[in-house]
Each structure stands twice: as C-alpha cells, then as structure tokens.
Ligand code: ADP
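Shown next as structure tokens: one chain only, the form predicted on its own.
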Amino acid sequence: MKLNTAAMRYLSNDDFRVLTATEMGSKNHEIVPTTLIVQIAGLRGGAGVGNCISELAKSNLIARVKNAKYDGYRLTYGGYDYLAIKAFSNRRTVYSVGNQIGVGKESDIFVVANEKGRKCVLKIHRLGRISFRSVKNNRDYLRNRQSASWMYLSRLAAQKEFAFMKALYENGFPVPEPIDYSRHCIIMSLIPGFPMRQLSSHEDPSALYSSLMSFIVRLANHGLIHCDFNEFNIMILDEPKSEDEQFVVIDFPQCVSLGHVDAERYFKRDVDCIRRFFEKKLGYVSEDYPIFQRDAKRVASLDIDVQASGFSKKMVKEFEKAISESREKGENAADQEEIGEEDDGDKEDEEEDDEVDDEGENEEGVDPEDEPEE
C-alpha cells in the first residue's frame, strides 16, 4: 500500500466520520457491519452514510470483503494513513506531504512540512505488508490473539518508538526530535545527513568508532539496548558539531530494556554490527570494544520511565513477542523463496491488503482528539 494523498482534499468531514466509525468498529469486528458503521458515525439520515461509504471504497480507504457472511467493510492501510494524516492536520503538525525519501522492511519515510514551512519526517510503520515476504503464510501467532492485527502492531510500533525517542531526546541523546504521533505514524525532525551505509571513507574512523561504541554503552547505562544498531540506522551529519556529535541514531521500535532476558545477546549484536562495518567498509579494526558484563552498568532507568509514561509492560511483551516470532518465520520463509518471485512483488502487496488485514483490525478505538471536526 503506497501513500497517496490525492483524494484527501476531496473528502468531507462526513467522509472522515464514516472512516473513523469503520476504525472504531474494527475494535471488535474483523469486518465491520454496514449497520454498525451507520450507528457509530451518527450522521443525520442513513442515506448520507451510504454515499460516504461509496466514496471511501472508490478511493480504496475501506474495502468490501469477498464472500463475507454479511454486508460490511474493513479499514485498509490507505484509510489508516488518511486518519493519521487528518489527525496531524487537525493538530497543525502537518500541512503538506512531500516526496518519499526512504523505504525499509517495516516502514515508509516521507518529507512533510507544517504551516510555517518547517520540513519534518513522516515515518509510517507498515508491519506485515512488506516486512517479510510470504509472511501471510506464517501468521499463526496472530490467530492466537483475537484482537491483534498488523495495523494494531504497527500502531504499537509507532507508540513505542515515539515514547523511546522522546525519553532519549529529553536526556540529551543524539536522536531526532519527536514532534507528534498518531496511530501508526510518527512526525520527527529532519536530519541533515546521510545513512552511514553510504560512508566509504572517513578522515578519522577511530573517533567515529569510539563515539558509536560510547553511545551503545551510554544507552545501556540508561537501561536500554537498541537491538538494531547498524549502518542503516545511523545518520552521519553533513556538518558535525564535534567528534562526539557526528551522528544521529534512528529507529527504536525494537529497543529493549537492560533487564530483558536477551539483553546481553542484543548488546553484543549491536557491538558486532559496528565492528563488522568498520572492518569491511573503512578498513578499521579495533580490539577495544564494549563487553556487556563489564560496561553495561545501570545508572538510570529510562526503560522504566517509558513504561510509566504510558507504554505499558503488557504492550512491550505483546509487541516484542509478535515481532520476534514474525521475524523468525519471515526469515525462514525468505530462505525458501525463488528469485523469480521478485516480479510478483506488487501483486503480493495487493493480495496482502486483501488478506492480511482480515485477521482483525485496530484493537483500540480512536482517540477523541483524532476525531474529525464538526
């Protein structure tokens, strides 16, 4: 599902009320009955709801499910995108959406701007769509939890990343400024730099290496392990301020507590990723590197602070379990795929839009401040 905001300017407040009603109905329904959409939307005259549903379906923001036992619709990822962007627009954090500047296994990245023209980054979490090819064949863990869905997990990913980024930013860590979040989307500051994976040489690799290792240790001392600390999630600044301020770290949905059962393994993996990159790309090898038992000494508890701020321990466990299982199954499935399937990527995306979301929609209702204005 690609982000396409062309239809947004033509949608009325009634259209967004019906779209919101579909989201709220998804809390307890895999397919939201049309009668329930009419009831939740609360518009005067049922005929108006029918027109709104038709308009939303035409724009692929909701979809009728084939062979359903009753007349109803499900929210698509496109509709979820529109609800998040509408919330940002109401809060005046997003005025315009620009070009796409990045795509990952689990997210899409766009440039956006607010009313004052400040450019920011819109990160859209899309777990389950392009995260792992053939993942739709390996979704048993979703069936074991009645209300879970890819949209709900994407929402948890955004909520977790925003909470962790906010805590790190307020404690002086080199991370983007978190500005706003809604559902599965985050708004953060635009970093003037480039991914470290594009780095082919450096005037002082020793200083950069030391700064990166210091970040891993400092993060652990504050109670957190990044878990995906590699050249793809480190931005090298165009204009470094000092030897210790050469980079900004991004991507925190997979971040875990220092008390996690696998904390030592994740810590070592982060260290090894940096060592491997410097050896292969920059030809720099150092025998001086952090060791978990020696260097990971807790001096603060940002992990506990984040949970206290609203991202509960239950959410952490549910999200980590889902992501861990899906990655293992996705990697196993990818190993068995043939190269020829690459040409069917777009078709698979469309099929996943039709099939993956049917497992159940958003577990939580819409936030009051996210509802469209009267």
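The structure displayed is predicted, hence computed values, not measured ones. Note that residue numbering follows the sequence shown and begins at 1.
Another form, the form predicted in complex with adenosine-5'-diphosphate (ADP), is not on view; read the next lines as being about it.
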| item | value |
| --- | --- |
| One residue of 223, 72, 176, 78 in contact with adenosine-5'-diphosphate (ADP), assessed in the model of the complex (non-hydrogen atom, 4.5 angstroms) | 176 |
| 104, 259, 98, 205 - the one with a heavy atom within 4.5 Å of adenosine-5'-diphosphate (ADP) in the model of the complex | 104 |
| adenosine-5'-diphosphate (ADP) contact at residue 304 in the model of the complex, heavy atom, 4.5 Å | no |
| Heavy atom of residue 290 within 4.5 Å of adenosine-5'-diphosphate (ADP) in the model of the complex | no |
| Any non-hydrogen atom of residue 123 within 4.5 angstroms of adenosine-5'-diphosphate (ADP) in the model of the complex | yes |
| 4.5 angstroms heavy atom contact with adenosine-5'-diphosphate (ADP) in the model of the complex for residue 251 | yes |
| Partner-facing stretch of 82-90, 265-273, 230-238, 293-301, counted where any non-hydrogen atom is within 4.5 angstroms of adenosine-5'-diphosphate (ADP) in the model of the complex | 230-238 |
